[in-house]
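Given next, in structure tokens, is a single chain: the form predicted on its own.
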Amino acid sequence: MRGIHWFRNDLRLADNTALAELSARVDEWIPLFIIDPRLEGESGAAGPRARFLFDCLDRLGQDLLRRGVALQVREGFPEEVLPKFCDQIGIDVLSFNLDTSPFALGRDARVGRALERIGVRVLAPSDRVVFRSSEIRSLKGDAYSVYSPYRKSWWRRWEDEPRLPLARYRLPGPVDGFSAGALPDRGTPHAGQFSVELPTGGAAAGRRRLDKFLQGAVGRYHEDRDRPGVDGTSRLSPYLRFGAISVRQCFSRALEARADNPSLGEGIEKWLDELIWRDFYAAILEEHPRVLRENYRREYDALVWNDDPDAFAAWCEGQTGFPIVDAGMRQLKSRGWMHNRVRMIVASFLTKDLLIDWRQGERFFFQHLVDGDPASNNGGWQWAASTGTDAQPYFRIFNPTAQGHRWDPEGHYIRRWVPELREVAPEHIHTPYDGAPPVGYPKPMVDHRKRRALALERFRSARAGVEDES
């Protein structure tokens, strides 16, 4: 029998559920990646996420060639490319790992129908998350809408059925007559926009990063994870985004590290908690696909947002006059990544200080983030805007200056990304205009105290309108 494994967000050979299932059923196989023009977005092939993806594909292709198999690359709509390709070379089985975004579910349903018509069997197991939404339910059988009870239920399910990495499996032999397919020209990054420095892609780089984290920073993760001036996080999000490493590998290795060294327990527990957040946001999107365009909490549909292109542009460029906000936005544009605590700060600033619709910030992040994931990006933005699943009330509004003092007290992170402030004295780094005015740095664009009051007024008004209607 002949099979194809359709690589998507699973760019690895180890612990790949669909690939393992295919390997057990066929004698020959072809690895295939399809570049779908619908997924290129505004950034195109020169954007950070596409460039990282192509690097991962390059390295996956090299891994495959060492095993005597050539990765095939095609461009077009999968529901059109796959049936033709399968029919031409007599494919019996197609495998791929499920994704849960609305686009992916619709596309995969069309692929399944097209292949069924020509007699190709489809294997489509779950692989991207540890547990899908349907596997984590309340006692009433409902999906969770708040993280804390979801987390408790998640761990109960893990205790009953831990999802550990798959045992090693032997890949089938190659279908003869196929040489390695060339990746398309990545294009030239837009000057000053996408010429970012990216991490090395691929499964080997992901494993090295995991090793480094578990041998070092994880022990203080619970203390350092919110400090942007410290390399205290795993930096594995791009690798998880494209499946260069599996979430099961992360859990398994972390639990082994804790068993070997119990002193790492607090840090490891907190890191695993972040991985469960990833499952949670994926579950929210699977259950409520409307959140990609709508507020999760419908009572805020009446919320009045500011239409202020100049303010949005200043936020995008890191020219707000709030150092921690500007440092984060400049890090994003320079690295295609931003520290998670700072993501919350800049998102709160956009939605609560500038009162600009979270959807604008979500789109900007998705355009620039190398780890941009529809579920996690949306979940994080709606959390910050208080329109999402968070149990905390709408009056959680970050004070950007206080956040800077707390998490970057000496200003190391700020000085790295905002060169205009490198000579500012430590006591003024978060409020630079309290000292000698820094050259070339803008004054704060808003009064946080006044904007906080206005935000509270607008949220209360939106809620009151809903309550009046009921």
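Throughout, we count residues from 1 along the sequence that is shown. Since the model is a prediction, treat every value here as computed from it, not as a measurement.
One more form of this protein exists, namely the form predicted together with a small molecule; it is left out here, but the text below deals with it.
Participant: At 4.5 Å between heavy atoms, only one of the stretches 72-80, 292-300, 114-122, 376-384 reaches the small molecule in the predicted complex; which one is it?
Facilitator: Looking at the partner contacts, the answer comes out as 376-384.
Participant: State the residue from Arg235, Arg335, Arg151, Arg253 whose non-hydrogen atoms include one within 4.5 Å of the small molecule in the predicted complex.
Facilitator: Checked against the cut-off, the match is Arg235.
Participant: Please pick, from Leu240, Ala311, Val196, Leu214, the one residue with any non-hydrogen atom lying within 4.5 angstroms of the small molecule in the predicted complex.
Facilitator: When the small molecule is considered in the predicted complex, the option within 4.5 Å is Leu240.
Participant: In the predicted complex, do Met344, Ala347 and Phe365 all put a heavy atom within 4.5 Å of the small molecule?
Facilitator: Affirmative, all three are within 4.5 Å.
Participant: Verify the contact flag for Asn340: yes if a non-hydrogen atom of it lies within 4.5 Å of a non-hydrogen atom of the small molecule in the predicted complex, no if not.
Facilitator: Taking the distances in the predicted complex, the answer for Asn340 is yes, it comes within 4.5 Å of the small molecule.
Participant: Residue-level contact is defined here as any heavy atom of the residue lying within 4.5 Å of the small molecule in the predicted complex; does Glu274 satisfy this criterion?
Facilitator: Yes, Glu274 lies within 4.5 Å of the small molecule in the predicted complex.
Participant: If you check in the predicted complex, is Arg359 within 4.5 Å of the small molecule, heavy atoms only?
Facilitator: Arg359: no, not in contact with the small molecule in the predicted complex.
Participant: Quick check on Leu285: any heavy atom within 4.5 Å of the small molecule in the predicted complex?
Facilitator: Heavy-atom contact with the small molecule at 4.5 Å: absent for Leu285.
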